[in-house]
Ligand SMILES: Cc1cc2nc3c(=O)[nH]c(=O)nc-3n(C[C@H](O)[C@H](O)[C@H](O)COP(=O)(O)OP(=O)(O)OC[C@H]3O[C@@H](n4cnc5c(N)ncnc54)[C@H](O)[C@@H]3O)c2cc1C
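Next comes just one chain, in structure tokens: the form predicted on its own.
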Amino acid sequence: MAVDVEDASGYRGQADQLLTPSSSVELAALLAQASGAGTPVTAWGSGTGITGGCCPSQGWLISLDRFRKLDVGRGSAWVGAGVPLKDLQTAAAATGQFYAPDPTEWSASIGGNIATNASGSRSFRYGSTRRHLLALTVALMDGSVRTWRRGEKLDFPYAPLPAPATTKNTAGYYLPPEAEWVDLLCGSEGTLGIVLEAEVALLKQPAQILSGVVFFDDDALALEAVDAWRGVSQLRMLEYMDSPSLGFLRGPYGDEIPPAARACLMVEQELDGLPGEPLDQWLERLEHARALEDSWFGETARDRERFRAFRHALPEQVNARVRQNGFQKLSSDFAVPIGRNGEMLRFYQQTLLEEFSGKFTIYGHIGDAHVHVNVLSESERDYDRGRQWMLSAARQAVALGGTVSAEHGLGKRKAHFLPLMFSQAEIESMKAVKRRLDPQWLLGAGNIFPGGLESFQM
């Protein structure tokens, strides 16, 4: 019986059958059966992706919801692919530890985070998922199940590929010289194998964390503060919202947002071992940056949760508008080298004001020169122009030495961006790896490579 599915962006797909195995043996047997029959297979986590990667056009959809192992130890945890991120964070917190990657959507599954090499707000200090993986247990299309640990290098010949000079990247396969299995599989979007469980690194929870939401009456002042604050010791978050983003939040937050605010930065700093009075130091920074006096600061877990909720409310408001407008969400995931941040942001602001005044937001991980743009289409013409704008913005990011995907992956919706960043020869090197592990091109069909199943023959 056919099964209709939809991801968080509104991308829709259909599978011939939904399967919910509960063990590695059962899942491996299903893959062997699919391989023998030539049946495409797509892995499903929690459906929170926004590139269509979990939405097949045919074949089997394999849910990993029953892979719920969660064993927390000192310094690491073994986690099943179906475990929601929030469950891992809660279990780690109970032991005085935390898992560093912090994607906005805490209902996302660990398997999905690994598939896209997700990162989030704390990536400014801690980087993406790949950095925190110690081992992966993976089911392959031949019906085998393998566990690879950190340090185990690829045991087949391949052509190393260049990487952009960005702090984050999840476009295509990660193939540096001396590549490791764990690093290759992380970010491969379910096209090389299906992750069943992972050993992830946990860090000691800092005793003190200072967090804040800093408002500015001028966007230019906020951008100057970004450059000035990048070097702040033990800063782990540096996030941005533009004026339209704050406009979305004035509804649910009313008078809490200063009327004069036209931009804001969200910061978190770990205080353990720092000399002096950190709050006084921040007051000096705010005065020097000419930030608004009624910015928010706090040192408690309750404060951090309040500020996290504030940040998370923005995509919720944006998604509500998208549903109201009735058009699929158009969102960017481009990043550029730190030194080109200002150029990319100016490109965004100038072109969006010309094309989509009142119909866009810019927010996100500005500390990594990685902000997200949402184009909020109100008509078919807006949507078509928005797709063209995304293509032009992708070209601009690549021209500045950046990436077409920093943390969401390409999936199916953005696979056409891959040739903007890599030559045909480089893409063929990725395909050679794909064919080695999935010779029939059955896993995650349509993800990463434009052309879908027929790419197998190219």
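From 1 onward, residues are counted along the sequence shown. None of the values given here were measured: they were computed from a predicted structure.
Not on display, but discussed next: the form predicted together with this ligand.
Contact residue in the predicted complex, from G172, G367, G386, G190 (heavy atom within 4.5 Å of this ligand) | So the residue touching this ligand in the predicted complex, by this definition, is G190.
Looking at E268, E105, E199, D242, which is the one with a non-hydrogen atom within 4.5 Å of this ligand in the predicted complex?
-> The residue in contact is E105.
Among 339 to 347, 108 to 116, 154 to 162, 226 to 234, which stretch has residues whose heavy atoms lie within 4.5 Å of this ligand in the predicted complex?
-> This holds for exactly one stretch, 108 to 116.
Looking in the predicted complex, is this ligand within 4.5 Å of a heavy atom from each of A8, S46 and A81?
-> Every listed residue reaches this ligand in the predicted complex, so yes.
Just to confirm, T42 within 4.5 Å of this ligand in the predicted complex by heavy atoms?
-> Heavy-atom contact with this ligand at 4.5 Å: present for T42.
Touches this ligand in the predicted complex: G212 (any heavy atom, 4.5 Å) = Heavy-atom contact with this ligand at 4.5 Å: absent for G212.
Are any of the heavy atoms in H312 no more than 4.5 Å from a heavy atom of this ligand in the predicted complex?
-> Contact with this ligand, yes.
Does H408 reach this ligand in the predicted complex, with heavy atoms at most 4.5 Å apart?
-> Yes, H408 sits close enough to this ligand in the predicted complex that at least one of its heavy atoms falls within 4.5 Å.
Can you name the residues of 429 to 448 that have a heavy atom within 4.5 Å of this ligand in the predicted complex?
-> Just N447.
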